[in-house]
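This document starts with one chain, in the form predicted alone, laid out as structure tokens.
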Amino acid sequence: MNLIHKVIFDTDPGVDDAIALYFALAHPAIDLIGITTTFGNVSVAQAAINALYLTAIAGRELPVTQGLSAPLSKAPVAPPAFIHGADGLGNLPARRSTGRPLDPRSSAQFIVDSARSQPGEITLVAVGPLGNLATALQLEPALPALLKQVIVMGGTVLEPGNVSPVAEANIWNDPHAADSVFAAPWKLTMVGLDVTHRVVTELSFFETLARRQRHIATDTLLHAVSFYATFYSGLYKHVAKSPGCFAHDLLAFIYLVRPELFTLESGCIRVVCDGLAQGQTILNRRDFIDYPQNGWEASRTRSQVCLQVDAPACLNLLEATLMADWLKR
């Protein structure tokens, strides 16, 4: 019997979020039970609009909630419109009317309600700033025991950061929330830049997908990825050779269904909350050393971190999943 993963997707769509969302909807082993939105790639209001729209045009109806609009402590910054477009989807020229309403609960409350109603069954895949999860933890301190696992797309250990030399964007956007999430005693896996910078999804694949599927959802995805790929091609020479984009958020779901494609290391993770290194995720890789500084006690929660990945296998899985017959017409 195949394992079916019940998932809440905490997201800030976002082009790579859209790729990840459609992979999750298409994969037969993923049962997406709800989408919780946050600020990050766009405002939280736009994130909720995008989640409703992307699911509607794909013929799916899921609960979508709106969550935090700003970091827990640090000053907010403007969304990166030059990366994802002002609307988060590459500045779509038009959108169909869907008329679907938001679930009235906050994202944090939806997470808590779902975990309480299905204890031990739900995986939370978080691919944006972690304020919704941190707030849910405040609402329900027993949440780590109620969720099956948490998979976080964010952070970096060895790879340089993408918003500073040491920080990844999701963690940098709300470092205080991230530090509280990494400190909580759940089963948590960090899928960060150490692996997401190894997997490039090429624009040519999305062009082929749109030709073969001939659907508004694949046309929308192609438009968004085209915008996103232009940004990455201007930044990385190896990406420019075969235009495309890093598969950041997608890899969180690939880890969920194919964890054997990743090499992991475990240890305590702390987040730098202030100063020049704000947002840096530090993995204690020498836990046999009794460090004298507070914050590295042996009693602290250990998490898993993805440090290597089988990139060709990930791309093959993406292609097989999205090329299948999953879209409702």
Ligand code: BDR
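One rule holds for the numbers: they count along the sequence shown, beginning at 1. All values derive from a computational prediction rather than experimental measurement.
Form predicted in complex with beta-D-ribofuranose: not shown, discussed below.
Contact with beta-D-ribofuranose in the predicted complex, defined as any heavy atom within 4.5 Å, is confined among 203-211, 241-249, 98-106, 111-119 to 241-249. Out of the listed residues 221, 150, 169, 143, 169 is the one that sits within 4.5 Å of beta-D-ribofuranose in the predicted complex by at least one heavy atom. Contact check for residue 89: no non-hydrogen atom falls within 4.5 Å of beta-D-ribofuranose in the predicted complex. beta-D-ribofuranose is not drawn, but in the predicted complex it has no heavy atom within 4.5 Å of residue 124. Interface membership of residue 180, defined by any non-hydrogen atom within 4.5 Å of beta-D-ribofuranose in the predicted complex, is ruled out. Mapping the unseen interface onto this chain, residue 41 counts among the residues with a heavy atom inside 4.5 Å of beta-D-ribofuranose in the predicted complex. For the stretch 306-321, the set of residues having any non-hydrogen atom within 4.5 angstroms of beta-D-ribofuranose in the predicted complex is empty.
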